[in-house]
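The chain below stands alone and is given as structure tokens, in the form predicted on its own.
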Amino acid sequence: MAAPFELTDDNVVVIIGTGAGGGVLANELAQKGVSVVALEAGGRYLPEDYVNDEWESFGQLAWTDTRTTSGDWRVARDFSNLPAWIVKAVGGTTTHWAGASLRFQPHEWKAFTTYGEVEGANLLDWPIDADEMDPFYARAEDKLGVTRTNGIPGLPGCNNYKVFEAGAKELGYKEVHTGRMAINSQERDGRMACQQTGFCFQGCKWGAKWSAAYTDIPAGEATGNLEVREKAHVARILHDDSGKVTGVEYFDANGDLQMQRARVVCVAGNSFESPRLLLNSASSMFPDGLANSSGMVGKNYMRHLTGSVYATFEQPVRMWRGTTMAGIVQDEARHDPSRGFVGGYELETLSLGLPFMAAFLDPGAWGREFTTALDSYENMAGMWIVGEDMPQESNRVTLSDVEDQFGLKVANVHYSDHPNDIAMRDHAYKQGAAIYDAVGATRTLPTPPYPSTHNLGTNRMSERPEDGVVNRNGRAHDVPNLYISDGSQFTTGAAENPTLTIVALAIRQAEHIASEMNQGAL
């Protein structure tokens, strides 16, 4: 292992965050011989540390630092301090994700061109397209060992999937299978195959699910070119008189303020913490926040249109057995305005443990309707709706008046549904219930959206500097050596789970940064 890098070493790339974007970028750069210091606000937990208990695991992994919320979304009312369930640990939210690894469809890169003007939405085409992303998707699928790609077989179908599949086929759906998952269906890369024990959100005890925590991060460290500093809470990014970033101030594990110098800074702290950091890095040169001459930092927050449908049956299903996300129906993930909305959605099986089921089914509810649903838990099947929500300038991350333990202003997350989102969710509830009714459900329970991990936008990619924060390579329009490397660079959200795209963009960005450094342009 290389000795730790000096705080004064101004030749290092500093990456803030170690999830699907930051963790992959750190490894990809380290493999190319680039010196990398990765700053991670959380601690390090590996499969032997994961706890198969929802509440305890949540306490171990989740980002529970204060945040504030506003807007008409239910999360602001029921989970005001937790607008999203993201992880504060080495490996980021790749510890907690379900593993679904889907490519964007070609038309989704060009939402404005495809959907046209949508009133109240701030649609924009990505400055990249499907053809350009194809080789990077291929590399991402290989890295993650995605099932149903590269000759890797699909995972087996558990009971929750079998109920879902039977109902979907009864309705005439064709694109129905156990998914493209970054979960080993056979031994691969020295990690065992999935043991189908369920409760994947608590961290995979077997290491069968891909997570940057035990794949990319240790691989990068093994090169001697990557140093990960855990429990390093970044405060602000510094710059010189020319407007180039020069380093990063952070609070270390003891709460002492440190400053790491940098040649390049890459921000990969998720769609709340990344804009919050840029806004907290305001200066006389950047009075509205670093890289924010467009005023777009924090704007156009997307979280995917979500919701769930659960159903009870005469016989036990035991949906918690097998992978959390065990299968998918893709037929509705198309653009077909005759349904009353633009864009599309996926239906994916989902199981929650009893404590979270009780929390999310209908927060604050009590009485017979609620208790009889919990009584039927063993006989319950469940699915999740994930669809493309509309970017709106008014949905945004700003700085709250509340400060964190370090005296830094926390993120306020404001979100209200767009009419297109509501129309899509209503359609999806109807289809989800119909799937279960087709196979004899005794009761269907549509549940409103709960805090989810798909947080996108807020530092979006744009062709023109005035429309977004970064260019086609994730480089800030305003700052030549500052990059955004996470889901906050998404121009639009598409219908698919975002992790595969975040990984593919990180692989692509690593090529770009290494090439620019080699040419002396960075």
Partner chain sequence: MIETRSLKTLTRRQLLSRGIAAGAGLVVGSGFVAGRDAAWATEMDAMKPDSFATLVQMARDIYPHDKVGDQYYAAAVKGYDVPEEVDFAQSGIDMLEDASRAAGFDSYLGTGWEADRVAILRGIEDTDFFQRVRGGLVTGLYNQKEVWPIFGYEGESYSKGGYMYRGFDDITWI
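Positions refer to the first chain, counted from 1. Small disclaimer: the values here were computed from a predicted structure and weren't measured.
There is another form of the same protein, the form predicted together with the partner chain; it is not shown, and what comes next is about it.
- Query: Can you say which of 281-289, 192-200, 231-239, 94-102 gets within 4.5 Å of the partner chain in the model of the complex, counting heavy atoms only?
  - Reply: Of the stretches listed, the one contacting the partner is 192-200.
- Would G322 show up as a contact with the partner chain in the model of the complex if we use heavy atoms at 4.5 Å? Yes, contact at 4.5 Å.
- Query: So, in the model of the complex, is W206 in contact with the partner chain at a 4.5 angstroms heavy atom limit?
  - Reply: Residue-level check for W206: yes, a contact with the partner chain.
- Message: Please determine whether V317 contacts the partner chain in the model of the complex, using a 4.5 Å cut-off between heavy atoms.
- Response: Looking in the model of the complex, residue contacts with the partner chain include V317, since a heavy atom lies within 4.5 Å.
- Message: Can you tell me whether D375 touches the partner chain? I mean in the model of the complex, with a 4.5 angstroms heavy atom cut-off.
- Response: Result yes; D375 sits at the interface with the partner chain in the model of the complex.
- Task: May I ask you to choose, among V402, A138, A222, L354, the residue with a heavy atom within 4.5 Å of the partner chain in the model of the complex?
- Result: Of the listed residues, the single hit is L354.
- Given that the partner chain is left out here, which of F251, Y214, F313, F272 has a heavy atom within 4.5 Å of it in the model of the complex? Only one listed residue qualifies here, and that residue is F313.
- Sequence-ordered list of residues in 439-469 near the partner chain in the model of the complex, where near means a heavy atom within 4.5 Å: Read in sequence order, the lone residue that approaches the partner chain (within 4.5 Å, in the model of the complex) is V439.
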